[in-house]
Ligand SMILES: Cc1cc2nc3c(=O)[nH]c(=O)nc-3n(C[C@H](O)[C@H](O)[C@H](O)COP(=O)(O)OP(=O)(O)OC[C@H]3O[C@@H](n4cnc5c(N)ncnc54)[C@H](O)[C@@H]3O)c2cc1C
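Below you will find one chain, with nothing else, as structure tokens; this is the form predicted on its own, and questions on how it binds or moves follow later.
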């Protein structure tokens, strides 16, 4: 019998492998990854510096250890270049491998803006352990860090860097931090807390060319301000990896389109994690990922189990001003009702009919998460 093949060894890939074994799948299991297969939690990267984690300590298990734990074959530093859904095969570095079922757990990649200037090629992104190692190496000789993108990841990195004593400048066209998930009052409260810790914000503007300047870099913003830093980090968001699926003829939208059982438009091919768009929703967070892999493990071992999401607040790791938010679905009609100030904000999002369909808590109000979830209608 051909094995189950999982492409990707992140939280999703290793997660579904564990669930398959937990649900007594005993046949062949192959995981394929472009990197070294170390198991680590990507969400930890944006807060690792402040917690004193070294690059080495972030890796929880080696590929060899995971091979033993999962009774699996793990192919490291291999690239899947094609999927033949009719023939149930994939091409891996020129070799053909057959599968009984295939799981795409290929994650998402950083959005790379078309920066100009002689320093553009040295703007960093952090999306994996190798990226993070390079970031830490560059930080050793830095005091000033420019972050392009004041969203969730940019704000988390800013919080982490400020706590470690770095000077931070945040740049982006947003009117307030994390504007896609938070009402303006919550974003402003975060902005004030990070400003109090030394952050400089350059909002409603964007950078020009990234030029080398002395030992560091300089950019002139669209509003005329000049920013000088020792390194730039781009944190403008991620996009689901869909190219491989698209080339294979699978249906893709923002992510790889699946039904509620994580089945793609091809038989025996599933998608899970940051790359997947499950019944119209792409949710690149840990909580929905873990729910999805548990359901998929049951489905793939004979017990069809739809993915059912409860209310899943997003915990934003800005320890200088903690945030918990359950944003309304994209495109929702309604408005925020917000109370509080710099110490903490409580926000509720109401539809025109008066139904509460989202909330946010910041600062000294985050402990009210449980009570707020009880106020929400059933998921």
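Residue numbers count along the first chain shown, from 1. Since the model is a prediction, treat every value here as computed from it, not as a measurement.
The form predicted together with the ligand is left out here; the points below concern that form.
Quiz prompt | Stretch in contact, per heavy atom within 4.5 angstroms of the ligand in the model of the complex, of 49-57, 66-74, 311-319, 337-345 | solution = It is the stretch 311-319.
Quiz item: Pick from 213, 200, 294, 78: which residue has any heavy atom within 4.5 angstroms of the ligand in the model of the complex?
Solution: Only one listed residue qualifies here, and that residue is 78.
Practice problem: Identify, from the list 172, 107, 255, 187, the residue with a heavy atom within 4.5 Å of the ligand in the model of the complex. | Solution: By the 4.5 Å criterion, the partner-contacting residue is 107.
Quiz item: Might residue 133 be said to contact the ligand in the model of the complex, defining contact as any heavy atom within 4.5 Å?
Solution: Heavy-atom contact with the ligand at 4.5 Å: absent for residue 133.
Self-check item: Interface membership of residue 358, the ligand in the model of the complex, 4.5 Å heavy atom rule
Solution: Close contact is absent here: in the model of the complex, residue 358 is far from the ligand, nothing within 4.5 Å, heavy atoms only.
Quiz item: Is there a non-hydrogen atom of residue 7 within 4.5 angstroms of a non-hydrogen atom of the ligand in the model of the complex?
Solution: Contact check for residue 7: yes, within 4.5 Å of the ligand in the model of the complex.
Quiz item: Looking at the partner-bound form in the model of the complex, is residue 278 within 4.5 Å of the ligand by any heavy atom?
Solution: Residue 278 lies outside the contact set for the ligand.
Quiz item: Out of 38-76, which residues reach within 4.5 Å of the ligand in the model of the complex, heavy atoms considered?
Solution: Residues within 4.5 Å: 42, 43, 45, 46.
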